[in-house]
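Okay, so here's just one chain, in structure tokens, the form predicted on its own.
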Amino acid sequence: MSWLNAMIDRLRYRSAPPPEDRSRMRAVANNIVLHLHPTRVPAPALRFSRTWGLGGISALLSVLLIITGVLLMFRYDASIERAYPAVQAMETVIPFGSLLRGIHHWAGNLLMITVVLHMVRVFAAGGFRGERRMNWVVGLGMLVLVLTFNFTGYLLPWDQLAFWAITVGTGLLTYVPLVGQMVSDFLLGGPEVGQSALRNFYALHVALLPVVLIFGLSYHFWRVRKDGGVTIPPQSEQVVRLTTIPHLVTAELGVALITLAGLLIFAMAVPAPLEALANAAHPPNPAKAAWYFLGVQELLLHMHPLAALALAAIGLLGLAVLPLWDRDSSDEGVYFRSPTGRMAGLLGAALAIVLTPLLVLVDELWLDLPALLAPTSTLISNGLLPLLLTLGGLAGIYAGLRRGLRARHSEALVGLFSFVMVALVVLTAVGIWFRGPNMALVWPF
């Protein structure tokens, strides 16, 4: 009868927590920070492999960026005459200035990576369906916000790297129909990167965006709590729920300490980059955008800017409407949906690793659609046609996974998502390491 007694104890635990647990739950509910947490969490949600700590790491990095950013403001001067000397002083004169700037710089780069990985993790676990669909869209908005944060902060050192990366980045905006030129003019405060641009980017970076980030993070975490916490498999719904204190808080503290230690060591070993003073008369060759835009910049080398931006917009829109496109909640909480979904994901990633560099080489060295279709407009030969061929290829991959693996709709979407994300990583890697002078392909090793 021991099994019956254990079941009775478990039912009693779920319905009426012990007195010491009730006091812990009250402590969570009454704390301004811990209040964003649920008072109790399912035991499987505490496994590191369930969340990889990516949401917590992203929140920690956001707080760290705000703190270090405020400290840097005491020594920074947002003018084209004094911005670069101020950053130089941080690197050479101000005690711990180089370390502080390095932590801020690398935390921003790491945050860009963790929010993308967090999105991938949520997708892989199916945590975008049902009542969580609103928070999925909010999370995508937070991803765009982090991208904007990094973009606006990139210009502030006022060195060659920052100046020309922002020049290229704002140049990309001008290709957006209807509003692109207006947004670019607003950010730059004129026709080119200058004092007005530096002032605008600084104001956005230190005043407007932090406020939006704080409210966005608070709402995002509140929705996680309201929507039931971390997504777990259906068969795990009846497991024991543990109190946030000490179980969840201890796990979060451990991940936070490891993240901070790793970031501190990396910032000490690799200082934040600082090139020569910005010079509008001497552009570098090649002039590249910031690394997180290099995937889109690489697309611009193979298709019309409107087509490249349309492809990026379609991808983002596809993620936003994903909860309406994939409503099967039977596999919610199961990574990659099933063994078939896992195989679809691996095939999608393998196809992206093989096909993406192959298509780059074919278009660079052999295929010239504007020349082959000379009588037609380049907007068609180098824009609409490549866009339709790309979308058709993605549809073909989806159909091939459905037929070849006999995959369900949600399982084939895993393969398609995997292909798109890995292809974007490959394009970014090509832009970082394999593009040399005049943006020609080079062998960097």
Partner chain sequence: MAKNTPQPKQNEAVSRRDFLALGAGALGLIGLLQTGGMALQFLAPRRVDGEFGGVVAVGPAESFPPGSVTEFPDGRFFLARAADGGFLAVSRRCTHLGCAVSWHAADGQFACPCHGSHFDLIGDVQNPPAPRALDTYPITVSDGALMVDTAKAQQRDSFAPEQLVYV
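Residue numbers count along the first chain shown, from 1. Not measured: the values here are computed from a predicted model.
Just so it is clear, the following notes concern the form predicted in complex with its partner chain, a form of the same protein that is not shown.
A single residue from the set Leu351, Leu322, Leu209, Ala287 has any heavy atom within 4.5 angstroms of its partner chain in the model of the complex; that residue is Ala287. None of Trp164, Phe128, Tyr84, Phe149 but one reaches within 4.5 angstroms of its partner chain in the model of the complex through a heavy atom, and that residue is Trp164. Partner contacts here mean any heavy atom within 4.5 Å of its partner chain in the model of the complex, and among 109 to 117, 274 to 282, 141 to 149, 219 to 227 they occur only in 274 to 282. Using a 4.5 angstroms limit between non-hydrogen atoms, Arg132 is distant from its partner chain in the model of the complex.
Taking the partner from elsewhere, His205 is found to have every heavy atom lying beyond 4.5 Å of its partner chain in the model of the complex. The closest non-hydrogen atom of Gln297 lies within 4.5 Å of its partner chain in the model of the complex. In the model of the complex, its partner chain sits within 4.5 Å of a heavy atom belonging to Phe186. Contact residues in stretch 158 to 177 (any heavy atom within 4.5 Å of its partner chain, taken in the model of the complex) are Trp164, Thr167, Val168, Gly171, Leu172, Tyr175.
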